[in-house]
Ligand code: NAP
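Next up: a single chain in structure tokens, the form predicted on its own.
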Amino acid sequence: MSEGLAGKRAFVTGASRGIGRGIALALARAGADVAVCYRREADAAGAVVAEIEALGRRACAVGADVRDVDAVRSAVTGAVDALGGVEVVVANAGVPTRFQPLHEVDPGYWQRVIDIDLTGVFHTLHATLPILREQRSGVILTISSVAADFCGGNGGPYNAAKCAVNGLTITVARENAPLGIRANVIAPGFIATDMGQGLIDQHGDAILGSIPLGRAGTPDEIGELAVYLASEAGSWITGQVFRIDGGALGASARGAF
């Protein structure tokens, strides 16, 4: 990969594992320094920092529960202090949903999913947008899901949060385009992570059979898309939702399953 992000500084939430880790490493391979934001897994975050530093980039680990706006602000301040600034913001932290019909969802669990998957994105953007607006440049990437398009049964809290993330990001894109700030959504399908393995354990290999390309995606593939959107190659792209799902959504729309 070319170093299309050389000299850029990135802040990535949920970066200690899974998709967030894949994005953080891809940004580093493209030349960016990266702040690895994590909630609980300090050792895993430290390992990602070590991997980034082995690529010759600067990195730091900053802890924050994205449900806590003050913690997110503190993490952003720590990242800026360590790296000297931020130009790329990736709001990735999230949790999956339990598979329940809405009338069985505990209100407390509903609130937890909304607080992390939606309000956590708001807190991340709220803490970083003043920096990007002051410098009149920057890129925001939010991580949603094709679940916002499928809106399948038994996933109400997650589906609702991801639909809202799409709308929030498009709103931010329109508000900030005049300042040279771009904002886009990456909406993955089924990705081979620990979370993805849990779905296979619960629902079997039929999940993979529903994907026209016949396999799960990888965190690295999500990272490659993030690099493109964060780089000058994507300089005329904002307010868009990029589905990356091996063809599953298109197949569903055609009635393939």
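None of these values were measured; they are calculated from a predicted model. Throughout, we count residues from 1 along the sequence that is shown.
Beyond the structure shown, there is the form predicted together with the named molecule, which is absent from this document and is the topic of what follows.
**Student:** Could you spot which one of Ala82, Ile114, Val95, Val105 gets a heavy atom to within 4.5 Å of the named molecule in the model of the complex?
**Tutor:** Flagged contact: Val95.
**Student:** Could you check which residue among Ala183, Ala75, Val89, Ile143 gets a heavy atom within 4.5 Å of the named molecule in the model of the complex?
**Tutor:** If I apply the 4.5 Å criterion carefully, the residue I get is Ile143.
**Student:** Report whether the minimum heavy atom distance between Arg243 and the named molecule in the model of the complex is within 4.5 Å.
**Tutor:** The answer is no: Arg243 has no heavy atom within 4.5 Å of the named molecule.
**Student:** Closest heavy atom of Arg215 to the named molecule in the model of the complex, within 4.5 Å or not?
**Tutor:** Arg215: no contact with the named molecule in the model of the complex.
**Student:** Would Ala64 count as a contact of the named molecule in the model of the complex, using a 4.5 angstroms cut-off between non-hydrogen atoms?
**Tutor:** Yes, contact at 4.5 Å.
**Student:** Applying a 4.5 Å heavy atom distance criterion, does Asp220 contact the named molecule in the model of the complex?
**Tutor:** Asp220: no, not in contact with the named molecule in the model of the complex.
**Student:** Using a 4.5 Å heavy atom cut-off, which of 52-60, 65-73, 228-236, 26-34 contacts the named molecule in the model of the complex?
**Tutor:** That would be 65-73.
**Student:** Can you name the residues of 23-62 that have a heavy atom within 4.5 Å of the named molecule in the model of the complex?
**Tutor:** Tyr38, Arg39, Arg40, Glu41 sit within 4.5 Å of the partner.
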